[in-house]
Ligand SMILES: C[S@@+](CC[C@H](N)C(=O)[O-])C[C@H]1O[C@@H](n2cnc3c(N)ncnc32)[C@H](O)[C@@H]1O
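Take a look at this single chain, the form predicted alone, given in structure tokens.
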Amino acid sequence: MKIYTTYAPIYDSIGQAQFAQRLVAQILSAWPTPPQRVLDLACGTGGAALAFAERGIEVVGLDRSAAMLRIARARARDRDLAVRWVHADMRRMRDRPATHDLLRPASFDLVTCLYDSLNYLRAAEDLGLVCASVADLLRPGGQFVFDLNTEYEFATWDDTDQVVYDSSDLLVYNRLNYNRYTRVAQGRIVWFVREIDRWWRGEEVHTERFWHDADVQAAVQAAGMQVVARYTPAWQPAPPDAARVVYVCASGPQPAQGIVGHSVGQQGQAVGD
């Protein structure tokens, strides 16, 4: 079953893009000068991409959901923001000739993938495929910033029901569960929308994978990058039991620009914090 199709307008109307927008503010506050060109992977309805564009940055947004991209295009048009949009799977983002001009090698200062989008990668090789493509697209010294749900977050998904939005016209709740043996988490998203005197029901099942820090380090290093920092979404050094970790990775041995992080040990713990 495809995801982020019928759920796309619900996602946007309940403000889920705001998390990515807040992370953009954190990322840019840590850069000495704004990046000139940014690629936002799994851009969804454009929350992060539009936040970058509002600051005068050249932005490309990529997503495999046509429904989400339609909303992103409309939002950019309404704000008169010139964002380029690519409909593609981030695991195979340069397979289609039509994308080659926008996704030129060594043409981006920063690549982002926010709001646990990389947790949606399920196959063992998927993370490495994305990292290799990102490394190809980054300029020397460019950076790749992404966040992941950790097992400490998924451990709270113990067959729980979670109401995420409740208004007079819209109700959204999640049924969450996690299997620590398979490292697979599942969220059954159900929503009810009122139209005049009738309620309509929708549902999608979203599946995520827990990636060990060692998996992340291996995929990043195999692509020729290095993890230079691990933060919480509040931009504090991530403790070992963080529920969500924001990874900052640099292309090449030293970042030429952008976020200069603390050194990171083999297990992902900050050294000297």
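Residue indices: 1-based, along the sequence shown. Values in this document were obtained by computation on a predicted structure and should not be read as measured data.
One more form of this protein exists, namely the form predicted together with the named molecule; it is left out here, but the text below deals with it.
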Checklist outcome for this item: TL;DR on 118-126, 194-202, 135-143, 162-170: the one with heavy atoms within 4.5 Å of the named molecule in the predicted complex is 118-126
Next on the checklist: Can you tell me if M90 lies within 4.5 angstroms of the named molecule in the predicted complex, counting non-hydrogen atoms only?
Outcome noted: yes
Checklist entry - Would V59 count as touching the named molecule in the predicted complex under a 4.5 Å heavy atom rule? => result no
Checklist entry - Closest heavy atom of L114 to the named molecule in the predicted complex, within 4.5 Å or not? => result yes
Next on the checklist: Taking the named molecule as it sits in the predicted complex, is Q226 in contact with it (heavy atom to heavy atom, 4.5 Å or less)?
Outcome noted: no
Item to check | Heavy atom within 4.5 Å of the named molecule in the predicted complex - the one residue of V220, V248, A42, A238 that qualifies | outcome: A42
Checklist outcome for this item: Among L50, V38, I27, M68, just one has a heavy atom within 4.5 Å of the named molecule in the predicted complex, namely M68
